[in-house]
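Given as structure tokens, the chain that follows is alone and in the form predicted alone.
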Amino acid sequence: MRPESMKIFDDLRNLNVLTIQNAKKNGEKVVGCYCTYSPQELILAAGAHSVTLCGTRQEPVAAAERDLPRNLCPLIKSSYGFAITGKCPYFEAADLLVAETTCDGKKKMYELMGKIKPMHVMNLPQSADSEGALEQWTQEMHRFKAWLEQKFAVQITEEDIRKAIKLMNRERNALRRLHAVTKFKPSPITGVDLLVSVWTKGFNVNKEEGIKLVEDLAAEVEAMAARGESPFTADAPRILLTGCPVGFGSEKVVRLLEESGASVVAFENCSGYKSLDRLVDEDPNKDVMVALAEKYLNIPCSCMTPNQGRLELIGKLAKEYEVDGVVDLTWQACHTYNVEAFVIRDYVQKQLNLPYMHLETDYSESDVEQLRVRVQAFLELIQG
């Protein structure tokens, strides 16, 4: 049982490539982003398209390992591999790239990638609440704005930015509504389909069309829930997935959970709900650059220290989505998420009183059967 609208999202992957290629033929500007800390509002205000870049598949990893160490996380190697092999149409279409200093591996990789395309790296404070962090991040917003203006020979006005903020907040609200459909018991949509629809949306260059697609899918799934339709049984364990970002091509843990009888109902990671929890303040009396800085600085990534916001968000989602267990996924060699797993385990088991499982893997399929055994044992524990 699958929403009819998912066929549109399945086709959207190829359609998005044609759309971005046509945009380039028409002389439109494109900025590629790797992270949820990228302030898309400034890109839109510059009159450019903002697109997510490829980095969730295993195929280009071998090419990346010719330049990068093998014991680096697969997300970094995949992103770099796509860039040097020319197999990511969005990277090829991008006039400029924007990235942030979220982790040491990414920072050093961006130095190499910056030799391929013009790249701006924003210096992200490592603590959201530390003295001067908001002021520093606000200045980084100004630096990025000035860079876009210089590269594209445009002037970005306050009115342009406020208009872009409203558009991005509408997109976030549409995605929030889509995520909320899994609050129904049982969930009317699989976690894999939810992940695919949200991931595919990131490559859509037309924001208005993308918002409508998400709203249409959410409406269809809400109607399915009202009719009691679901691909799951009523007793399927409800799982919250936290940890490293997951995209199409690296969704093996989500598939394993659902093939084993669970229903993945909440994605706390940055490819899921993490970037949607807070909107940009639209108060017309507020400094627009401070409003942007506040929103993005408070994304609770593991690169932040301390990272109390992640615990609070996991607790909030666990309650709202009535989950039965938490799975914490870490990509191999992602040290910040790997170390933080100790804190997450304690919080989930002792404060939320929920079963917890930490999985460390990469994008390859070599350990699928080992993971399947662990996943099935975890679900048996939940079901008693």
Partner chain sequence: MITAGIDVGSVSTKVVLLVDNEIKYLVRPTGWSPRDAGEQTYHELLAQVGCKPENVAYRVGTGYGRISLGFIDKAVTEIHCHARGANYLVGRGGLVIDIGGQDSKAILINQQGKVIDFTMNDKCAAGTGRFLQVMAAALGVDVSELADLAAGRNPLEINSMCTVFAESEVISLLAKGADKRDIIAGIHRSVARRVWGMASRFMPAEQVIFTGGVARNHHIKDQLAREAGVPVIVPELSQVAGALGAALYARELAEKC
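Numbering follows the first chain given and starts at 1. None of the values given here were measured: they were computed from a predicted structure.
Only in words, not in the display: the form predicted together with the partner chain, which the text now covers.
Contact with the partner chain in the predicted bound form, judged as any non-hydrogen atom within 4.5 angstroms, is confined among 32-40, 55-63, 322-330, 343-351 to 343-351. The partner chain in the predicted bound form comes within 4.5 Å of a heavy atom belonging to A377. By the criterion of a heavy atom within 4.5 Å, N22 is excluded from the residues contacting the partner chain in the predicted bound form.
Looking at L18, you'd find every heavy atom of it more than 4.5 angstroms from the partner chain in the predicted bound form.
Although the partner is absent here, S366 is a contact residue: one of its heavy atoms lies within 4.5 angstroms of the partner chain in the predicted bound form. For the options L68, L317, A48, M357, the residue carrying a heavy atom within 4.5 angstroms of the partner chain in the predicted bound form is M357.
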